[in-house]
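In structure tokens, the next block holds one chain alone, the form predicted on its own.
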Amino acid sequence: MNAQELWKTAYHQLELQLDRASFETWLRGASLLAVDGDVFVIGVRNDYAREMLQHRLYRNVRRVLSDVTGRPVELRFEVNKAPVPQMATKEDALVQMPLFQFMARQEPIETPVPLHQQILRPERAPLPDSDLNGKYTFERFIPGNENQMVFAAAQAVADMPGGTYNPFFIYGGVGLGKTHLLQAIAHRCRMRNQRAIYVPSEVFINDLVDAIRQKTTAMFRDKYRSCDVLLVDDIQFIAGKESSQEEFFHTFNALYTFNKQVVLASDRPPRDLQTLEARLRSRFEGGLVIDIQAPELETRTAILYQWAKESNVSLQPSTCEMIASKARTNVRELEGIFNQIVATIRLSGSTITPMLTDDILDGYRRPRHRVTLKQVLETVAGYHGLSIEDLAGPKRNGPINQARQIAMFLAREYTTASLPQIGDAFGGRRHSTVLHSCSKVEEEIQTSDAYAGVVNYLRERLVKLK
């Protein structure tokens, strides 16, 4: 392509990527005047546009034009001086008429079609279903009373992407069904031949790194900005990564401008993602933010019944109730226990009795290795953004005291240390203090789903330590 074609391509991409007000005010009508080596001289309408583009939007225009040309380029903005007509014409006479006379003589003018509707995108092959789990559909999600709202909202988003709930932000602890709901939305959208992209944030980051390394950022942007629905799981992991946040910010804006649906999932609400840029947090909070809660006993029992039916396994009601009551409020762990029981039935031919179920539950909860007091302190302190010295020190403010109580509770549950030994690890506290902390945590788990989610997340971290 010659220089004029390169600029035309970049111009069209900028119209899609910039917000409409910025493009119409500063870039509309810009033209390529000359190319001086690697410097593109762009003509704009006035001095105000030149100053704004040179000092505020320079990086945006330069990045797009560099992607199109395939090499780094520089820009110089100049006021485009239109030639002065040498002789009066019929059009000049019309312009000099009073406005009401001029309007009366005009032919009806058709409303121009917006440029983004004129651009025809190439036909794309449908996305493969291999990136979605076939089990993660709305039909297999049992919401229960505690999650009726998030379930109904997810269905509304799937039925009308880009409608009222945009962006749609789901947050909650691990193993509660966030991924299930995101993929259920993607499944339903693809059934209507809509282009839905589901990715964990790690995949988005890796795609961006590969695109930068291979100089294919234009293809990367076209992939993520041409979809109808973008679903990003574990968005909290994008925090602290400046280039990824910058790219996702522009991707979000491009999709939102054209009423494309954005769905996000995180383990925390946007306001708690402190290392995330403020401009991203504000956009996430601008849609529907809703938490997904741990399933209640009745919901966990219904889930077990459904799994047993799908697996053609017969479980007595008493067995289901025992599993649901003793298993922690985490669907992923509940599934692991269920698979353990199914394997026992099929491999040994045993009949599941309450006694055998209790043995399986005890074995599943038992860590695969010995956890040390130091590992408990490091895990809890790291999650709460504290140091080990904070947990073992004399400070007693709310966040530190709560983290300290949870650490004592987990130390008692997962280590072989006695109560006095645990007290010594926490700055020489008495064994009665440790016992009181454990009782306090047990009470909070029963009354607060959010608190229970934090404890369960830390439990999983300790069990996975090697």
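Not measured: the values here are computed from a predicted model. One-based numbering along the sequence shown.
If you look for the form predicted together with a small molecule, you will not find it shown, but the lines that follow are about it.
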Please check if V262 has a heavy atom lying within 4.5 Å of any heavy atom of the small molecule in the predicted bound form.
no
Whether I142 contacts the small molecule in the predicted bound form should be assessed with a 4.5 Å heavy atom distance threshold; does it?
yes
For P270, is any heavy atom within 4.5 Å of the small molecule in the predicted bound form, or not?
no
So in the predicted bound form, does any heavy atom of H180 sit within 4.5 Å of the small molecule?
yes
So which of Y256, W307, F284, Y224 gets a non-hydrogen atom within 4.5 Å of the small molecule in the predicted bound form?
W307
With the small molecule left out of view, which of E277, E321, E335, D358 would have a heavy atom within 4.5 Å of it in the predicted bound form?
E335
Looking at 168-176, 203-211, 73-81, 380-388, which stretch has residues with any non-hydrogen atom within 4.5 Å of the small molecule in the predicted bound form?
168-176
Report the direction of the Cα distance change between R412 and Q293 in the predicted bound form, compared with the displayed form, as closer or farther; the change is 3 Å or more.
closer
Pin down for me whether the N145-Q446 Cα distance shrinks or grows in the predicted bound form relative to this form (closer or farther, change of 3 Å or more).
farther
